[in-house]
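Take a look at this single chain in structure tokens; it is the form predicted on its own.
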């Protein structure tokens, strides 16, 4: 996600740019299986439990993992890691051009000053070195290129983006929305999900045609990812080169100048060690990989890792806690059905701890819900386990109509905690001989209280909105990492004594190294973070080029 943006911005601003990709190139015609019917898969789309048991032992925990998408995930046997006793962490990874941007959920939100001031207000962690006003021009800059569809609400705690026209709510969602508005007097809002999927063509990419197999790729380039959008823009300049199968081992650093001199890589195919020179380096390898590279870049002057004078490198690992919610039946719409497969759901913004009226004594911060209505239509998916075959059976499935259902599930903020950390494992290495990680992270008491509250409130809200047969999901939350929103480990800050990066995502102790992925995050908010990574990257790239041209890097 941020790597594509770094390549685009650095190349368009005049720098000869080399993109190091640890995995292979992506060929949409070969790799995107969005139009492949279930009967063409060896296991009819249900997957091979024996075949994935070891190879994808961790990766198959991902909500996006399936028989149609397994080619996008790494082989866990090649990339082992350890976790501390009594903890678990799902390190979900892809090594291919485009990385996470191929697999992301595309929900796209700005962070607000409620988020940027949260640590300062609550006395948790450290203060962000910037505010929404600093990032607002860069949010709009990337939104105009990405294409974000959504509804403007005018909320100061969920700032509006530069929107393309929103997708429509279904009739069942409209009914639940009206029920919530009536029950809570506008203090709890439902809107269509803000998503990086086009509702009108821009930049040569087509509008979505609602086939909804987005996790398999998008042959019309309607959803944003690096392969469709930012990397082609970078290549168009003639100044960008992509080198696949280049696994970054560490950075080369000169203690005398205080600058990195280049990047040490391992060729994934030949296992050859190579060192490449560079004047400016952007680390956009994803949260844990970027921090691992810095930890593996220790020098005589920085023996615990490059940029770790504050002892904060690898600490404050965060993710969003999820899984709690509720579902039920929407009645009174049996004469209506849906058409098309909308690639987003609904969103209910945070309503806890916004002001004195919504203040909670059991926990700080808050959560938002994602969900939607469904179930009205042919019973294809629900019939997957139903015995039967033949023409009559298929006709029955095609014409059977189920009732409307509605479900919602929360995503809550995770607090920065220095004890949630990653370190270099003293003995374990990956298949290319690169020291790997030992991760120690678990949910804190505040996250567990948020999880409990978002289950109870989901049930209360659906009941209040008139949904019937409401079932509350209070289940045990999945381990950290499983939401795919890992953040922290190389946080920004106002002082080199308490942070790894300054306000421009620049490593305090290596001024020509920038980290602009999730590792830079100081707090996690409760909204999906990718748009913030993109805005930070574009802002940092502009800063880096301006300083380089003034010989200040």
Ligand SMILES: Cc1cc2nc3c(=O)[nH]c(=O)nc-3n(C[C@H](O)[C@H](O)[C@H](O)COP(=O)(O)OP(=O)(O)OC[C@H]3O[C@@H](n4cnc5c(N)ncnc54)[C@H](O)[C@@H]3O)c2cc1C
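Numbering follows the first chain given and starts at 1. Everything numeric here is computed off the predicted structure, so don't read it as measured data.
Just so it is clear, the following notes concern the form predicted together with the named molecule, a form of the same protein that is not shown.
Against the named molecule in the predicted complex, the set 20, 62 and 289 is in full contact: each member has a heavy atom within 4.5 Å. Residue contact with the named molecule in the predicted complex: residue 293 places a heavy atom within 4.5 Å of it. The closest heavy atom approach of residue 523 to the named molecule in the predicted complex falls outside 4.5 Å. Although the partner is absent here, residue 98 is a contact residue: one of its heavy atoms lies within 4.5 angstroms of the named molecule in the predicted complex. The closest heavy atom approach of residue 441 to the named molecule in the predicted complex falls outside 4.5 Å. With the partner removed from view, the residue among 81, 363, 138, 104 that has a non-hydrogen atom within 4.5 Å of the named molecule in the predicted complex turns out to be 104.
Comparing 481 to 489, 496 to 504, 49 to 57, 36 to 44 against the named molecule in the predicted complex, the single stretch with non-hydrogen atoms within 4.5 angstroms of it is 481 to 489.
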